[in-house]
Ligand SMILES: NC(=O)c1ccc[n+]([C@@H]2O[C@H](COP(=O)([O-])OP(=O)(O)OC[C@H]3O[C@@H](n4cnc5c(N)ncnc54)[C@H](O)[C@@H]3O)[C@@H](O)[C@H]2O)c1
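Okay, so here's just one chain, in structure tokens, the form predicted alone.
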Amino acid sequence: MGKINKVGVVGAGMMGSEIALCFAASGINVVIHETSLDLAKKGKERLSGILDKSIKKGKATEEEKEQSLNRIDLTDNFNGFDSVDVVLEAVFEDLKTKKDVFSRLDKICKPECIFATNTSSMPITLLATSVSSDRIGKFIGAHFFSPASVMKLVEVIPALDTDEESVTFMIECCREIGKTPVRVKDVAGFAVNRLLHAMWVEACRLLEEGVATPEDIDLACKFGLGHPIGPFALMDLTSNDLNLKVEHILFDAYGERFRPRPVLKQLVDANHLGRKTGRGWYNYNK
């Protein structure tokens, strides 16, 4: 594996666009694919806002902002993906959608291109079956954490047939963009989500039992455990419908300890999905 010259990112949502920014800010050219150019442009506009905040904090300059954004191209038909060295998939957590993306890219990308999925819960080995036998050794999980432009950790998850050269390449790729990679076995939820959702299930249980409010539980975790953000605020940030979907996957894999709590199901039924809908555990419309 050689130097990374160009990266393809599939998905211009919060996660995909910020992963793209990590590479662009490190001097690497990126092409982002979305189902429409309008969605792709919205993703890039979001990055402009993130960079403006970095400038205000003295962490970036106007010149660096312009350079980073200029390194990002947009497409709605995978133009430019035939020359990328790495593909990072960051579409929503749906098995068929992800497999369709990789199956299509398998026919477009050059043979040596590494395929990485940012799934937070799906088996990497299962997703790897969407590519040809010639590509399967270059298929791997690269689970970034939200917000990807800030969070340092990346879980690197080899599938059953991933070759060691591809693992080493992805680990070095993460380091090149200033991330801290950890190698994790391909199990449901990987490592961090198993820890995180165990805490979230218990936080919901505390709320159901009337032990404390979401606000006070968040304060307790911030000032008692040293967490930068409390569990309910973080659930709102990552979206409660996604959280519920992941907990169903973990429950199927590990049983009772990950059973989704009724209070979370009720919140999702009411479309209180978090920041993206303006209301979740907290009301953001005030």
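Residues carry their position along the shown sequence, with the first being 1. Note that the structure is a prediction, hence the values are computed from the model and not measured.
From this point on, the text means the form predicted together with this ligand, which you will not see here.
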Here the chain appears without its partner; judged in the predicted complex, the stretch of 133-141, 209-217, 116-124, 164-172 with heavy atoms within 4.5 Å of this ligand is 116-124
Which residue, Ser83, Thr97, Ser103, Asn79, has a heavy atom that falls within 4.5 Å of this ligand in the predicted complex? Thr97
Could you spot which one of Ala253, Ile55, Ile229, Leu39 gets a heavy atom to within 4.5 Å of this ligand in the predicted complex? Leu39
Would Ala20 show up as a contact with this ligand in the predicted complex if we use heavy atoms at 4.5 Å? no
Considering non-hydrogen atoms and a 4.5 Å limit, does this ligand approach Thr129 in the predicted complex? no
Under a 4.5 Å heavy atom criterion, is Glu34 part of the interface with this ligand in the predicted complex? yes
State yes or no: in the predicted complex, is some non-hydrogen atom of Val268 no more than 4.5 angstroms from a non-hydrogen atom of this ligand? no
Between 83-101 and this ligand in the predicted complex, list the residues on our side with a heavy atom within 4.5 Å. Ala90, Val91, Phe92, Glu93, Thr97, Lys98, Val101
